[in-house]
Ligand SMILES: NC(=O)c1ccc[n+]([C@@H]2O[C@H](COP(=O)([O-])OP(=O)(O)OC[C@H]3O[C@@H](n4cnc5c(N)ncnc54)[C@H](O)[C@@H]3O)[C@@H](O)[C@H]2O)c1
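Before any questions on binding or motion, here is one chain by itself as structure tokens, the form predicted on its own.
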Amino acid sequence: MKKGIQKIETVSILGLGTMGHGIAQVFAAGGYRVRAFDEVPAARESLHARCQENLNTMVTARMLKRSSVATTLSRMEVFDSIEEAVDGSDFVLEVVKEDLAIKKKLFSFLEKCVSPSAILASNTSTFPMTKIAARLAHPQRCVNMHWFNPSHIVPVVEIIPGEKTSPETLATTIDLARRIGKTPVHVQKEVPGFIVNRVQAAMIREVWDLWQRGVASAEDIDLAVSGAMGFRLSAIGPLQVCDFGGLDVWSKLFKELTPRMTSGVRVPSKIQSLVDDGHFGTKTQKGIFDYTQESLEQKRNERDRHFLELAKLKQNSKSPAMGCLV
């Protein structure tokens, strides 16, 4: 299959929930025609309104010209079926429920709907493309393109080929990510969770354990991590943190500390109790912290403003951390 970047004109986004609407927005802002679908009518009907809110925030942050908002929104079209949404598309990205069976079924269906040259991509954060495309006739055109929430702001996108993904598919997807202003990271081996989620899971396991044992309050744990580790990681990566700190120092710290850290594989009881009681976090307005609708909107707006300020710093930085790691 030959599908150069110059041949990508129309992109389809399937799934318009927490991340999908922002992804659609990014492609539209990058100049691509976007054909979108979600099985939930409310998600389809609210796409433009949610994206306009995102775009307005970016205008306020002086990352976008007011005149480009209407143009971006005009490039997105919503359809009532998958078949309509992928008709004539050159690049299809699914952002559906994180369920392997659902994704495999969707890809099998898509293979019958799209042109032979169209690339099929998944935003999965867990499953290798080798498994998703295992029974497809043309797995060489399939690739994982893993975004991060909020997808319209976070710069990095992980690109992970499957065992049968062609070099052309990989190269085109990496180039496409660059064209829409993202920083593609080529993950060369299919490991569950890829890079970022594996590192995040290791950290979350430890902070959940610290909270479970009452070492510090949830507020202070967040303050410590965001104000120290997070502060440093906003400028340089963890491996360079080790270099600056000294590998001799970090080696001693590793030997001394890791045997005393949690290595459990069970969800801590305090977290599991919240889940069992239906308290999932911001989506239910109660989790480790409590939220009202007003405080949630305020927190989300504060988060996005801070992320946008970081994104502006990244855009203006010549640090190697901003380079494409491919």
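Bear in mind that the values here come from a model prediction, so they are computed numbers and not experimental data. In this text, residue numbers run from 1 along the sequence as written.
One more form of this protein should be noted, the form predicted in complex with the named molecule, which is absent from this view; the next part is about it.
Contact with the named molecule in the predicted bound form holds for none of Phe27, His48 and Thr72, as no heavy atom of theirs lies within 4.5 Å. Residue in contact with the named molecule in the predicted bound form (any heavy atom within 4.5 Å), chosen from Glu98, Asp80, Asp220, Asp175: Glu98. In short, of 63-71, 37-45, 253-261, 268-276 it is 37-45 that has heavy atoms within 4.5 Å of the named molecule in the predicted bound form.
Of the heavy atoms in Trp211, none are within 4.5 Å of the named molecule in the predicted bound form. Mapping the unseen interface onto this chain, Phe107 falls outside it, with no heavy atom inside 4.5 Å of the named molecule in the predicted bound form. Although the partner is absent here, Leu308 is not a contact residue: none of its heavy atoms lies within 4.5 angstroms of the named molecule in the predicted bound form. Using a 4.5 Å cutoff between non-hydrogen atoms, Val11 does not count as a contact of the named molecule in the predicted bound form. If you take 7-23 and check each residue for a heavy atom within 4.5 Å of the named molecule in the predicted bound form, you get Gly15, Leu16, Gly17, Thr18, Met19, Gly20, in sequence order.
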